[in-house]
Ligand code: GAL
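Shown here is one chain on its own, the form predicted on its own, set out as structure tokens.
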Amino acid sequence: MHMNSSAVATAVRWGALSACWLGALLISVPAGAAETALTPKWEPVAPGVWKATIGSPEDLTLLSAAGQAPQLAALAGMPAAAFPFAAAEIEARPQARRTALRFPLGLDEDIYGLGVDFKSLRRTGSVFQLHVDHWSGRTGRTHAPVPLYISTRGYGVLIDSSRYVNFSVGLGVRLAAKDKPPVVDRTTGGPAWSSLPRSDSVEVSVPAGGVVVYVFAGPTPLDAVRRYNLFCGGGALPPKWGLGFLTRTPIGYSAQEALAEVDEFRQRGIPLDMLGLEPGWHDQAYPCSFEWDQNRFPDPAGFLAGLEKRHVRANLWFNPYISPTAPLYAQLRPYAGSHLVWNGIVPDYSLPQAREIFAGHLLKKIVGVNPAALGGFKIDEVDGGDQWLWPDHASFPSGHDGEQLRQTYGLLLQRTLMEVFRGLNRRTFGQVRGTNAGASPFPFVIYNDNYDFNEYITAVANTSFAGVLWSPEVRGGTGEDMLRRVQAVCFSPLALFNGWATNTKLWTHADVAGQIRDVIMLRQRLLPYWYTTFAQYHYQGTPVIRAMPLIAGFKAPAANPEPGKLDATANPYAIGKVVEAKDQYLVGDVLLVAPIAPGVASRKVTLPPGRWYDFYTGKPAGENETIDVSPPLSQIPLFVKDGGLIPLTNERQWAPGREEAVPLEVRHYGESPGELSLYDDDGETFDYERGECSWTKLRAAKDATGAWQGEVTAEKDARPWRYSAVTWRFMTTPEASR
């Protein structure tokens, strides 16, 4: 909206779920005075979800690019919650090319989210721009710059824009602020003086003439995340084999070498469900042809049949830039953007016609060769960097510019691929290099080339605020380094070894090869727990990974900022820091994971409220306290909440098939009764959407004699239940397993 400072304008247009002006009365102000703010009008669009349309939003938003429908029934089943703000305290200032927003922020309130950052979880006291990019250490430039923030007061706010959105979180004190920080003289005030005085606002700047904003109620921070995920379509539910182990082969491997790699896994007893082929499967890469190389893969159907026989799915790498040597080039050339990437065209996948052409080619030439063996794709290089991607001013046939496509390209490709597999009634699980808001239903896991262990773990925790999945990688190194990294990836959403540029194998270091095999086997055995956790993500919106600020009652080791130490060169403003529990997280309801870095003998673990027990022994670990742990090299620190039930299956080399029944072991920890609703379906198709699934109650409690007993209660007419027998193991008692 454009007007001069003395104009009086009334703009009223209102329509449910459409881009429109909000009704607003702008009063005259003297020339030179501050621009008058509008009070947005909030419309309920789902239980506990409100929407405001400010100014004239652009047609391509993050949620429109993702294109998924809200799970309204699941949202209706959540606890009732009121609008979390005093509406009059929210301000909007739409202009011709920029929209400014302000949301109130309590001085005792902290903010999380706003992208999958690798350095920290907490966003309070930060100023940055959210921009799809590979991680380079700059807050805001990340593989998943999701413009959603979550408050410790139990609500969330999403800015649904495909622009680079700027945030100032608790900084920039306003002249009109009611609660200003105290005025302190730096010379005499000592540590009471702060170079970053706390403000009472989250301020947002969107470089567009309007924007759509959503508010998600709680009442808890975790509930706000759940509402966001369900509004975006619910969480991804991968196939069972997607929760096994993935290895990626060197870049130029042939079909024969790839099959030999699988055979080596089988001979060594290391579980394997997915085999990733790197650029060499194309006959032209950088840019890509999307045609099988006839020298390395002369018989794609025979190769895929060989994988199917070995119970392994192929995962194929690509970046989406089409080579002029490819037959696909002529079909997509009319939909190309103004700039090339590696001399390949950049199709405008915001146009449904371009998506249909690409999907049709994949279905005919690649997936359709053997849908049972072609399990998914790795979408590379849709994130950055600025040096080789298209510029922001690039133009595309849809009328969208380079900035908008940069923010949504990963979303559009994930959507296209998921629709290909949905059309075949087969689930997929893959990888993607860049994504954004609205991605929670997409079965893709983010990755990157950064290799800092501690940053990897922080990124895993941060995904819980963003509705995305992220996994670290293992790419070689010393024996200890590989083992510690394998442990970390086995307790992340996707367990993988990325051997694309190394001759190192998981068995290269004989001194740790057995321990590497053991942790991958533990990942495989935990499939029932992982699968139920992903089902909670899909049906209830509860994230698979749960960062500690989402856990009720959890407090970090130091809740207050540590005072900064003055250093004339390194820290001239004596800026302090906040200690965060960013190197540990929950997987599911009851399993606390505390990865330990290579070269580190011990670490601290902060246990949430309640009693916690060692996963391996069942012994008490502590309660609502920080403990020191010194695990053997063979173990990643794992803890189970009092009353927790952990279901496991037997040792096996690949995930069970659709009709295969497997034994179930249920471990109970602690002194409290335990209960778990164990999820199951066929593990491969979308038939669960037609009711072909089950939730089975597992209960552990003491009987009248004080002895622990386990109970299995199936739903009436539940199907399927693919467990052949159930064995109970009570970890915190000396009783024999029964």
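Just count from 1 along the sequence shown to find any residue number. Bear in mind the structure is a predicted one, so any value in this text is a computation, not a measurement.
Heads up, the form predicted in complex with the named molecule isn't pictured, but that's what we're talking about next.
A heavy atom within 4.5 Å of the named molecule in the predicted complex is found for exactly one of Asp185, Glu419, Asp449, Glu625: Asp449. Site annotation in the predicted complex: the residue of Arg667, Arg433, Arg406, His400 reaching within 4.5 Å of the named molecule with a heavy atom is Arg433. Using a 4.5 Å heavy atom cutoff, none of Phe491, Arg523 and Gln635 lies near the named molecule in the predicted complex. From the list 144-152, 646-654, 497-505, 205-213, the contact stretch for the named molecule in the predicted complex under a 4.5 Å heavy atom rule is 497-505.
In the predicted complex, the named molecule lies within 4.5 Å of some heavy atom of Lys378. Contact check for Pro104: no non-hydrogen atom falls within 4.5 Å of the named molecule in the predicted complex.
Under a 4.5 angstroms non-hydrogen atom cutoff, the named molecule in the predicted complex lacks Arg198 among its neighbouring residues. In the predicted complex, no heavy atom of His361 sits within 4.5 Å of the named molecule. Contacts with the named molecule in the predicted complex, taken as any heavy atom within 4.5 Å, map within 284-310 to Tyr286 alone.
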